[in-house]
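Heads up, the chain below is alone and in the form predicted on its own; it's given as structure tokens.
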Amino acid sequence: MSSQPLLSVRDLQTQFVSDGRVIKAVDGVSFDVRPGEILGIVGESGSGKSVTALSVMGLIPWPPGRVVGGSIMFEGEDLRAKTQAQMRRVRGAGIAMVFQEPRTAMNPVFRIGEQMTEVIMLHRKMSRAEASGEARSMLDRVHIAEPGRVMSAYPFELSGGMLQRVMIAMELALRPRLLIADEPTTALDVTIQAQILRLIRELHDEFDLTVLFITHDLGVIAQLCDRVMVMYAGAVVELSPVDALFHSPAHPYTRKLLAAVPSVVDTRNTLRSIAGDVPDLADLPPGCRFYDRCDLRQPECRLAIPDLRKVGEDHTARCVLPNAISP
């Protein structure tokens, strides 16, 4: 795995304006995605996971949203400096994205084969016959048993799991260097979820694919990812190798997320939740954003936002007491 990041995001700030209020959906987020790795982003709904991904893709709609600060470097090029026409060339062949609900990403009045063929022709400069053959081949690679039948079908004729496989096949047919998967298993039942996760891991290994995987499910993180970034209220609170995160979580929020995971071994324990509410992103507190929900808060936590501090090998946490927190 190369030490040079494929994607490097620094101090990303994305805001939305609603009823005259400025909502800081992503506020100072920095991270790298290394070639060949699977980096997971986890956090509660509203933590900024999907907005971070959409910011990278240049898909924040104005109005009401806008990237107002920071840099997004992909393969050494500043994506924020590109025009919309240039970004359209980056999307697909450079960075592909699989969304949570595949039905919203497909045109319901065109057959699957037509849509896949057109996208492949656009990005890979193939003839229609070549693009159709590539589409059929990729459907086979994602374990669709009858690719010809699926190519003749309309999106509404396929199940959610089948349609998600089609979306993954279509994106990978473009040979992207980075795949962003935004909660691609959330709308699927448990059995199909497991199949999609195995498929992503299999395709990652086969194509040496780099993946940014967004989820709220720590079980998925443990199963799939190499490193994990924990987000809370628009900011990164912990960044760690997966094993270290589960064995030595260094931020109180991470610890509470892990404690809230149901146990299939000890059924006597009551399901835990995190007390309190996420702060208003249009009226953020002056200090640590987790202050009101933290059992370990100190007076100094209210004064300023803590820096990300090193707490282990390739492991940082945004807490004034990371070394004092034991798992």
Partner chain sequence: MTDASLSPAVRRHQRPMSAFWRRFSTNRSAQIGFLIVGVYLFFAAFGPWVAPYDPLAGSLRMRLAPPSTEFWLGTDDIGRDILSRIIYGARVSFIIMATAVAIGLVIGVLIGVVGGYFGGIIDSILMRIIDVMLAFPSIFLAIGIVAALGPGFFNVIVATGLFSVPQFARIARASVLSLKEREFVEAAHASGESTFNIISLYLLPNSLAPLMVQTTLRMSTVLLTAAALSFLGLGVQPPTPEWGAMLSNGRTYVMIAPHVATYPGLAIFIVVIGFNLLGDGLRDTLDPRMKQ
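Because the structure is a prediction, the values reported are computed rather than measured. Numbering follows the first chain given and starts at 1.
Heads up, the form predicted together with the partner chain isn't pictured, but that's what we're talking about next.
With the partner left out here, check for me: in the model of the complex, does some heavy atom of M162 sit within 4.5 Å of the partner chain?
Because a heavy atom of M162 falls inside 4.5 Å of the partner chain in the model of the complex, the answer is yes.
Tell me, yes or no, whether N107 is in contact with the partner chain in the model of the complex, where a contact means a heavy atom of each within 4.5 Å.
N107: yes, in contact with the partner chain in the model of the complex.
Taking the partner chain as it sits in the model of the complex, is L172 in contact with it (heavy atom to heavy atom, 4.5 Å or less)?
Answer no; every heavy atom of L172 is more than 4.5 Å from the partner chain in the model of the complex.
Is the gap between K125 and the partner chain in the model of the complex 4.5 Å or less for some heavy atom pair?
No, no contact at 4.5 Å.
Go through 134-142, 147-155, 205-213, 68-76 and give me the stretch that gets within 4.5 Å of the partner chain in the model of the complex, heavy atoms only.
One stretch meets the cut-off, namely 147-155.
Would you check whether the partner chain, in the model of the complex, lies within 4.5 angstroms of a non-hydrogen atom from each of I168, M231 and A235?
No, none of the three is in contact.
Counting any non-hydrogen atom inside 4.5 Å, which residue from R177, R255, K82, R111 sits next to the partner chain in the model of the complex?
Flagged contact: R111.
Relative to the partner chain in the model of the complex, which residues of 38-62 have a heavy atom no more than 4.5 Å away?
Contacts from 38-62: L54, M57, L59.
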